[in-house]
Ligand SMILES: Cc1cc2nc3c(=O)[nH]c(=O)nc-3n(C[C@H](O)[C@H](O)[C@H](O)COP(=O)(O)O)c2cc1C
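A single chain, nothing else alongside it, follows as structure tokens in the form predicted on its own.
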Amino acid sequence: MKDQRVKEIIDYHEATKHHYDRYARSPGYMDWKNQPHPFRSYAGAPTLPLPLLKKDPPAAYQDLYDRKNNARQAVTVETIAGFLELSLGLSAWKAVSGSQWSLRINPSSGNLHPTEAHLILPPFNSNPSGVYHYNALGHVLERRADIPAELWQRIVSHFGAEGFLIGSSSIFWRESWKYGERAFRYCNHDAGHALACVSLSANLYGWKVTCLNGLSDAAIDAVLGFDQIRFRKLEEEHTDFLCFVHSAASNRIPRSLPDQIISEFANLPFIGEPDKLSQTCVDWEIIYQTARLSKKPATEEIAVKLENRKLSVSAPSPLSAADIIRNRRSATAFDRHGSVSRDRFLNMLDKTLPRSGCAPFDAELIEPATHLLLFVHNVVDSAPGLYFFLRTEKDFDEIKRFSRSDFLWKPVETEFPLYLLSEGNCRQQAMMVSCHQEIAGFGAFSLGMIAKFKDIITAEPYRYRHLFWETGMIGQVLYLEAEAHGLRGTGIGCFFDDAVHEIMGFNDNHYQSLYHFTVGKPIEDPRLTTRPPYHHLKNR
């Protein structure tokens, strides 16, 4: 049975690869009248309007990641509101020719936003403990269930710390409306972006996010009341993850919940009717089949061991942490003459390394499994060419064995896991494998995220989703690093999978490229007007 699940998940992955002579199946056109609404609300659930930040947390650039300078804040309506505003809230509105659309702190493929957030909060500011849905458009919490005081005390006792829980879910239809069968990949990228956003924002309040990696998806469904909701067909929310947010100084946090607590949540009366997102939906059956196959069972809790590696301070940023978070945008075009200094380039790569005591990877989602194949175009004092960045050195020998025998594997810096594979102009190559997109070749550099694949999925099929979450987390760090250093980044979901593997010399699926990214000097579109994120909330 497990072998069959693994086979069908890999079959999905193979079926949704883009190739030079054909793309993965998609609608092929934009059905604008059925575009899903990007904001969900729960009709009938009492709402709690959240205050907007009058002053951002004082954290500096380095404090995005490092924890030692961020003092712990109490859980209040103000701090919860700020945490959400700087993780899953709006960042701006763009307008042109009478049309306007919102941008969010957490990026999304095509700005379609399949990710929803739910919180389990303690009593605060005279509000009862409860299960809430966060509606980013109105910056409000929708209370879907009240939690009895006794249940909340059992939660606190179980974790041995004060805090709260936050969960993520995905609505696949929001992405498949545009991208068809490949949308399951993109939804999981976006879940990873959201997890990184949550971890980094929490850090500014002196909090740490810990993934409850022992929980089953069914248990999370019960805790969030999904098994009691009457979702419209194809507009369901599919469980991603549930995390405990707590003081960064807390001792070891359990990575699961006792059966008794899960049962008590399952017996709570949940209220609120999820709104209708589209007039009609299209059933991309392969997505929902793969979602079923990759559901997570209850597993042993894992404390992921990360290296105690110092953060690089070779290229500081003048921007505050909050400014970097708020200013993040996806570039649409690059100046092909734009460059990045060698120090800043290395500094950006350094922040993608998983390390103990640093956000976002110490959320302990997964043992590090993803590395970076870099197409370097215009990094000052660095030869153009192909490079490889190892995010965990334990994979070095295996990757080298699977790769082309003529690669140099020449170390670029002492005690830094960046290797030159081959020198030469690779702009055209980068564009070709990224679906012929100029943005992959006109930046300072672009990359493919190369994940250990077959062995991980064979051992634990549900990890298929986790691999995409890890790549989304890496993408979020690169987005913020680009902003911090006067550049801009863009995630690229469209690439020719096997063409990338041919560059590396891979002949099988032990490693796969799961996500692409590019960084450069942006060319702004002068036609666009930018408006403040919450200008529509006139009374707030």
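As the structure is a prediction and not an experimental result, all values here were calculated from the model. In this text, residue numbers run from 1 along the sequence as written.
The discussion below concerns the form predicted together with the ligand, not included here.
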Counting non-hydrogen atoms within 4.5 angstroms of the ligand in the predicted bound form, say which of Gly110, Gly338, Gly225, Pro384 makes the cut.
Gly110
Counting any non-hydrogen atom inside 4.5 Å, which residue from Asn135, Ser330, Thr458, Ser317 sits next to the ligand in the predicted bound form?
Ser330
Decide whether Leu487 counts as a contact residue for the ligand in the predicted bound form under a heavy atom distance cut-off of 4.5 Å.
no
Report whether the minimum heavy atom distance between Glu470 and the ligand in the predicted bound form is within 4.5 Å.
no
I'd like to know if Lys208 sits close to the ligand in the predicted bound form, meaning any non-hydrogen atom pair within 4.5 angstroms.
no
Is there a heavy atom of Tyr61 lying 4.5 Å or less from a heavy atom of the ligand in the predicted bound form?
no
Interface segment, criterion being heavy atoms within 4.5 Å of the ligand in the predicted bound form, picked from 190-198, 302-310, 245-253, 117-125
190-198
Just to make sure I understand: among 434-456, which residues lie within 4.5 Å of the ligand in the predicted bound form, judging by heavy atoms?
Gln437, Ile439
